[in-house]
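Okay, here we've got a single chain as structure tokens, the form predicted on its own, with questions on binding and movement later.
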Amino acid sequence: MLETPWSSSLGLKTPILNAPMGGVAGGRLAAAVSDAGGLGMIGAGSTGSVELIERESAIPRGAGLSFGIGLLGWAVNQEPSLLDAAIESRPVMISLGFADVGPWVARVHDAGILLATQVYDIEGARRAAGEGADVIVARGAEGGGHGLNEVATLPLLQALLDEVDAPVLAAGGIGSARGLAAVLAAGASGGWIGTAFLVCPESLTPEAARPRILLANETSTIYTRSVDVAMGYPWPSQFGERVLRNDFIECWTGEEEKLAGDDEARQAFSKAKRDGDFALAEIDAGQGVGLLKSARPAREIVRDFSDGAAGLLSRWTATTRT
């Protein structure tokens, strides 16, 4: 059995959480991860709604499974009912990212729910812990989707573990059992894993995107703001997004100001998203995407990561003792 004090305190059989990836991590994926012994997370994403939260949360809740919900802090600021819906869905944990969590801590705690948040540096971790976050997610630059492109996961994790008393989960680049073993050996309370679950049958990833994901390698991603500019998403400007490279994104990365004024290019991108044309549209993915070789059920991924990491940690311990 692979466990940490934090995962045991939640009754988990393994310290694995799927990242609450918008447009990917719905109720089926969350239920599958939780049923396999981890904690499944549902992602509301940039275009999340109360209806989405209610619909997707009903899946794991209906199966009697624990789950969590990931919200975007800036979206909650714009639409407070998103947090209302999340709390009413009765998750064990709510992740609030991309904004200071102070305004929401008391409300989440009053509902008996843990509050997690992603951080990208020591200052952010100290601030989140001081505001009352129960769980700190150390999100490194390798991770897919939105974040900062400044500090890699292992340097960030090592620094945070010496700075905060709250449980720290590692996020970014954990694409195999070896990656999970590495962050647990460093002292992480669990792994916050996204890209490895992208092509699970339980994920919401569009079918047209899946072959491109499976063909990608470790150098196939790029960090960009071009997607948010093209779509007019109100993401805070400091956050970019790690996605798979394609012609549109490579053309406009670094040229976002020009893109903002090019209606034709932005309309072409919007049409590509509507049509599922991923030669232009984005696919969020982290640098561990090259480790994805086939579409496997979430249960199988959780089992292989957990058993493999336990075996590696046990082997290292045995070697140390001799």
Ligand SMILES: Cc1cc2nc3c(=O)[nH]c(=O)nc-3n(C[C@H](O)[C@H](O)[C@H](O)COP(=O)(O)O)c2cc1C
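One-based numbering along the sequence shown. For clarity, every value in this text was computed on a predicted model and none was experimentally measured.
Unshown form predicted together with this ligand; subsequent notes refer to it.
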Are all three of Pro15, Phe67 and Val168 close to this ligand in the predicted complex, meaning a heavy atom of each within 4.5 Å? no
In the predicted complex, segment of 193-201, 178-186, 215-223, 105-113 with a heavy atom within 4.5 Å of this ligand: 193-201
Against this ligand in the predicted complex, would Gly286 count as a contact residue? Criterion: heavy atoms within 4.5 Å. yes
Can Gly45 be called a contact residue for this ligand in the predicted complex at 4.5 Å between heavy atoms? yes
Taking any heavy atom pair closer than or equal to 4.5 Å as contact, tell me whether Pro91 reaches this ligand in the predicted complex. no
Are any of the heavy atoms in Gly124 no more than 4.5 Å from a heavy atom of this ligand in the predicted complex? no
Heavy atom contacts to this ligand in the predicted complex at 4.5 Å, residues of 5-36 in sequence order: Ala19, Pro20, Met21, Gly22, Val24
